[in-house]
Every structure is written in structure tokens, then in C-alpha cells.
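One chain is shown next in C-alpha cells, namely the form predicted on its own.
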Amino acid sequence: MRVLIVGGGGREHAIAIGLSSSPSVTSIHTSPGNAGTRSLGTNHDIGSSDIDGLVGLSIEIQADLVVVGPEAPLVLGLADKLRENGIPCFGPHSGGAMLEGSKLHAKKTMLELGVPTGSCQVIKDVEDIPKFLDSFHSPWVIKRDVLAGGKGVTVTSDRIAAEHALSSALEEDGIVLMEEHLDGEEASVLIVMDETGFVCLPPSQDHKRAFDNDMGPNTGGMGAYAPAPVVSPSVMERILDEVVEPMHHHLRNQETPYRGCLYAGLMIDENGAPRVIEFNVRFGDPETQVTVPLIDSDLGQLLLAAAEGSLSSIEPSFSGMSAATVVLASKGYPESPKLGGLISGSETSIDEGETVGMVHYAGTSLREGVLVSSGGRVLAATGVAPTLEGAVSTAYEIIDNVDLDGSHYRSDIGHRALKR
């Protein structure tokens, strides 16, 4: 297969690495890609939201499969247009993508299907803000009903900050959601699905806050590990029964069936009961960096089967290893990241029997042959090992060799699982 990957972050580099070891894949193209994907195939200078440009590129390179990384092109209808041209796409049609495109649509879908989730109120008038703040307990959870690049959620115990987040969202969007704060431990399950079946990848746990001990502002993700022990076999059974199967039954029976990844962001309470925080319609970042390396079978076949609606015909296998990834962020991230800094030491890798370590490139580019930062999340050091302790140790061994002036990373990735 000739495969086109849409996007330019760490998720896309992880997918490219997985596809590069797939026997079914002969060539990899990425648009726009980054410094990491460049070494695995061909980068193209077409942005991930240029729908017509991406369709034209797919036709030009005679792509056998297009894998869409970010959510925006899916909401804009990239999968629809590719399928109109007979090109299989791993990623849902625009209607299915509204599970991420609109938090309100996702919440209504969950309530209709009886999928466990928190309560929610829709606010449309700034004068109603004090009333709704009084009706929910602190900390307040405020969500914009638009695509916001993973930064449309505010969780705060500061009433003034909550008021500001609500009024700003109303000014920007004319509508804002306030949701019940869910207690427990977060987990993510990436579900590859089509109308014939679904496959759950190993459950993972992301670290959203910028700094150690879950302090600081929310980010796109500062690290992750898999499998996450909070998702025990009994918890996974509940997730399947209460979340995955109802959603799959609903999505497979739409006029246009859902083909791609459904990302379930979950909160697991002290009794092992799952509730959905959010749905995304693509692989997570950085969850992809710790789940794709655990797939033992041909990644290209898995993604193509889902794109063509024949997922039930294959049985993917997983390694049983553990993986951890630590994100290196630019100075000032997430508020105002400083770009253009020189990066050194990122070529470090580890290959010691079953233990391997690698760098997943994200916000990076080459300037006159020199690697520089071009985004808030610059790269991630990823370790794969027989134990989670080994995977975490390997990831930190790699990231400690990387130098970028003013950059920062969390030193406690995996801390919840390692305390167990």
C-alpha cells in the first residue's frame, strides 16, 4: 500500500513508525509531516485543513489508504470527499466527527443511549452565569462547544476564573457548557471500529496538566503510559458493556457508518464504574505514542480493514509489553510557547533486547539542515519494556539527553500506576 498520513504531530510520527514496519505498506507520505516523518517517507507541504489540496494529493500519489490524524479535517469532511473519489480513509465522515466537533452533540448522544456521563447545563446568556455557578459544586468544568485544539476545557476552583471562562466562551461562541466534575482516575481507550466490529487498543492514561503533581494549566498532553492498571479486566468489561457496545451499535447503524477511531476519555470512580468525560474521533496524542508500539500485528492491515468496512475479518495481536512517553515542551508552553530553538540530542535511541526507546517528533522542523522547535509540544521520548517501570526509566533516559533551551517536561509520568 501507498499510505498518506494527514497531520504533523507526534501522533502522526508514531503512526508512521508503526506503518513503516507493516509488511502491507510499501511507501509512506505525510502532509504536512515533521522532521521525524521526513525520515520515513515523503513530506508534502499541504496543511491538514486544506481539504481539496489533500484530496488532490491523494489522487496524485495514488494513495491506497489515507490515515487522518487531527480532528479538524474530519469535521470539515475530508473522509467524505476521499470516499467520493474511491479512496479508503481511516477516519469518520463529517457527521460522525461531530462527536468531537460539538460537545453538546456528544452529550446528547450519550444521554440518548444511556452511556454513563456527568450532568450538563447549556448556558446561552451571560446573566445566567451566577445561577449556574451556584448550581454546580467546585471545581467547575467549563467546555466550549467548538473545536479548540484540545484547549477548550477549563477546570477551576476559582470562581472569578470560572466566570471569565464562561463569559469569554459566550462572547466567542454564543453558547457554553458547564458539566459536573467527575471524581476518580482518568483513562483513555482507543477503539478502532467500523460497521462490522471493533477492536480496543490497550487502555492508557494521559497526563493533562503542565507540571508535576498534576499542577498548572491543562495542555494537549504531557505524557502517557499503557496499559493503565486502573482499567482492570473487570473495569474493562464494564467499559465494553456500558460505553463501547452501545456506541458501536449506534454508529454502525447510521446512514453512513463510522469508520475510524473512537477515543473514549473516561473517569473511573473508586468502585470501578466508568463515566465518559469526552469522545474524540481520532487517535489521541500522546496516547498513540504508547499504544501503536504495543500492536504486534500489521498496523496497515488494521487501519485499511476499518477504512473499508471489513474489520471483522482480521484479528490484531498485541505484545503484552508496557510503554511510556514523556513530552518535551517549549519554554512558555502552553500559554505562549517560544519557537525556533535549536534542538540537540534527539537522535538518541535504545535497543536492548526487549527494551527499546525512541523519539517521537512533534513540533519540529529543519531550518537550513538544523533541527529547531516549531510547536508547543516539541517531541516525546518513548520507552517500551516488559514492565512499566522499565518503560518509564527508558523514556527518561532518552529525554535527559535532549537539549532545548528553556524547555520543560514532567518528571512523574506514570506516577499513579507506579504507586500501586
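Just so it is clear, the model here is predicted, and its values are computed rather than measured. Quick note: we count residues from 1 along the sequence shown, nothing fancier.
The protein also exists as the form predicted together with a small molecule; that form is not presented, and the subsequent description refers to it.
Does the small molecule get within 4.5 angstroms of any non-hydrogen atom of K208 in the predicted bound form? So K208 counts as contacting the small molecule.
Counting only non-hydrogen atoms and a 4.5 angstroms cut-off, does R159 reach the small molecule in the predicted bound form? No, no contact at 4.5 Å.
Is K108 near the small molecule? Define near as a heavy atom within 4.5 Å, in the predicted bound form. Looking in the predicted bound form, residue contacts with the small molecule do not include K108, since no heavy atom lies within 4.5 Å.
With heavy atoms only and a cut-off of 4.5 Å, decide whether E180 touches the small molecule in the predicted bound form. Yes - in the predicted bound form, heavy atoms of E180 and the small molecule come within 4.5 Å of each other.
Of E278, D80, E163, E242, which residue is found within 4.5 angstroms of the small molecule in the predicted bound form when only non-hydrogen atoms are counted? Contact with the small molecule in the predicted bound form is made by E278 alone.
The small molecule isn't shown here, but in the predicted bound form which of M267, V199, L294, V230 has a heavy atom within 4.5 Å of it? The residue in contact is M267.
With the partner removed from view, which of 83-91, 251-259, 167-175, 138-146 is the stretch that lies within 4.5 Å of the small molecule in the predicted bound form, judged by heavy atom distances? In short, 138-146.
Give a yes or no on whether every one of S330, H360 and D412 sits within 4.5 angstroms of the small molecule in the predicted bound form by heavy atom. Negative, none of the three is within 4.5 Å.
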